[in-house]
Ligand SMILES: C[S@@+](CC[C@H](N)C(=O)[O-])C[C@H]1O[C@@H](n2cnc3c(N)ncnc32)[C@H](O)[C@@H]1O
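Next up is one chain by itself, shown in structure tokens, the form predicted alone.
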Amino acid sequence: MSSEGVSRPVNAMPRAGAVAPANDEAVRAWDTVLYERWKLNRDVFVGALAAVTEELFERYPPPRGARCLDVGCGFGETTQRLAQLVGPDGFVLGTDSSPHFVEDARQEAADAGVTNVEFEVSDAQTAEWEQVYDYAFSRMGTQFFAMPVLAMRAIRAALVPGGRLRKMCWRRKEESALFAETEQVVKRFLSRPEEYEADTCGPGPFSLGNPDTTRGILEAAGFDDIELHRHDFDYFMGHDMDEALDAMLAIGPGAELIRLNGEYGESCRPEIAAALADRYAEWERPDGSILGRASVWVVAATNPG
């Protein structure tokens, strides 16, 4: 993809971003153990959301030639996809608070020859981006802020008047059977300890599951024309039972219970895996793959200026 004709925002070059103290623990978790586990199980986690992500882009495509902001970009798959959608005259800045994710995202974009993107390490809760973006996007990247209103205000401040926010977030945990039922099985063996050494991911992936909460955050941040659309889908858990068990015991509410229980939690892993295999057998397809039901919000909002 050619960079000819691309007009980059002044501050689009990669820079180190300050992490809000309240987000320290979550950022540390995502830059260490969760980064490693996500990378190891990347085919599952990214593949599971590929189709619903494309449906969001079909419903709310970025304009051709637009400047886009991708918040919580991870490995940059969505950043690269946005770069394709806006075309060679557009530009996308991918941001993430994890230096490891950003390092990989830069390398992968370079390897793919995508030149109308940049990446930076930044915490949206403290970021101050230039107000030049037409479209802001986030796939599961706005759920972990300790103070989400501040983060959404920063994102709105980066959008030009009339600029659009399009994002995806999990609905309530009980709305996604694969997460809720996995946790229920793990809870047969483990409970959440009162004290633990492991880092957690802040408010967690389901912090925006309540539609009134999500709408209230966006309203408080100054957004207008807010829409929330429920989307239920089959979540790809793995090509076979072993892959599904590896993924669901790597990241998620059940996996976190094991991690917070330290060595004792790890000692229970074989029994937990056997119990989960019994539960997941109901979700096995004829080709051996495992698909569980999941549910997200597809969210749209506008910066009124």
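Just so it is clear, the model here is predicted, and its values are computed rather than measured. Sequential numbering from 1, following the sequence displayed.
There is also a form predicted together with the ligand; it is not shown, and the following applies to it.
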query: Proximity of Val46 to the ligand in the predicted complex, heavy atoms at 4.5 Å; finding: yes
query: Heavy atom of Ser295 within 4.5 Å of the ligand in the predicted complex; finding: no
query: Close approach of Ala105 to the ligand in the predicted complex, 4.5 Å, heavy atom; finding: no
query: 4.5 angstroms heavy atom contact with the ligand in the predicted complex for Ser98; finding: yes
query: Asp199, Glu181, Asp123, Glu118 - the one with a heavy atom within 4.5 Å of the ligand in the predicted complex; finding: Asp123
query: Single option in Gly209, Gly72, Gly163, Pro148 placed near the ligand in the predicted complex, where near means a heavy atom within 4.5 Å; finding: Gly72
query: Which of 24-32, 259-267, 233-241, 273-281 lines the interface with the ligand in the predicted complex (heavy atom within 4.5 Å); finding: 24-32
query: Residues within stretch 135-150 having a non-hydrogen atom within 4.5 Å of the ligand in the predicted complex; finding: Arg139, Met140, Gly141, Phe144, Phe145
